[in-house]
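This document starts with one chain, in the form predicted on its own, laid out as structure tokens.
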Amino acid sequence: MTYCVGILVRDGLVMIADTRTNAGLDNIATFRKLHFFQVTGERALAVATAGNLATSQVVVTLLQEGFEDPTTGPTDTIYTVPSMFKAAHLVGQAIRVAHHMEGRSAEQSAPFDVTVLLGGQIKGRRLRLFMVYSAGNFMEASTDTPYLQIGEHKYGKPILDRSVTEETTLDDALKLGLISMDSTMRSNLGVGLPIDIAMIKRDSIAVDLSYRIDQSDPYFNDLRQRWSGALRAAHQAIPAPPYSTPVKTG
């Protein structure tokens, strides 16, 4: 299982991904799911993957090396596409090619599916965030929905729904993303440390932050304790429901 989230706000982009993979409770390993494609000053892109690990690795390799389109000939790589829209289209193509290489159609590949978050900026273009589905189609984050999630998203979603807007600061976006990740980790053992984080500031055309959080990270441990304490204090401060009070009659 996996949890990845991308948050696009006024000042930039935050992307967060766990690293846990498992093929059963007794076969757990760590693999990077957040990848960077960067030419400083020219393009800075981040890709997070969820789903079958083998398929994900094929997709990432195809993005770097390119692949031949049977109808149009050689295809761009992630380093040569001229826009983020074209990059999202390339990711969709790579997913379809990966399924073809495995001898499966997208409709038949449920155990081998992969979903991708693609975020970043190419010089002269705007900062954008996309989610690319296993069928190769994609959607884009917007001012109404400034974050996108893949993998085990349901436990971390309420935090983001209540807190994230386009005007959220970049530091707060990272903090809320980490709280969302912590909520997911507490409810699903298939999601776990280490966590990879990235930050791309708008118009910097560079990956401004790339960092791995492990079990000894003091800030993340403090954040987890503070959030748990804040939740306990909040529910204790809310008055008890009145429904159990006996109703007077007569």
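Just so you know, these numbers come straight off a predicted model, no measurement behind them. Sequential numbering from 1, following the sequence displayed.
Heads up, the form predicted in complex with another copy of the chain isn't pictured, but that's what we're talking about next.
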query: Quick one: does residue 148 come within 4.5 Å of another copy of the chain in the predicted complex, counting heavy atoms only?
result: no
- prompt: So in the predicted complex, does residue 182 come within 4.5 Å of another copy of the chain, heavy atom to heavy atom?
  reply: yes
message: Is residue 155 part of the interface with another copy of the chain in the predicted complex - any heavy atom within 4.5 Å?
response: yes
message: Can you tell me whether residue 175 touches another copy of the chain? I mean in the predicted complex, with a 4.5 angstroms heavy atom cut-off.
response: yes
statement: With a 4.5 Å heavy atom cut-off to another copy of the chain in the predicted complex, the contacting stretch among 138-146, 116-124, 158-166, 89-97 is 158-166
query: Considering 53, 207, 62, 193, which brings a non-hydrogen atom within 4.5 Å of another copy of the chain in the predicted complex?
result: 207
query: So which of 187, 30, 57, 40 gets a non-hydrogen atom within 4.5 Å of another copy of the chain in the predicted complex?
result: 187
task: Within 4.5 Å of another copy of the chain in the predicted complex, which residues of 189-225 have a heavy atom? Give them in sequence order, or say none.
output: 197, 199, 207, 208, 209, 210, 211, 213, 217, 219, 220, 222, 223
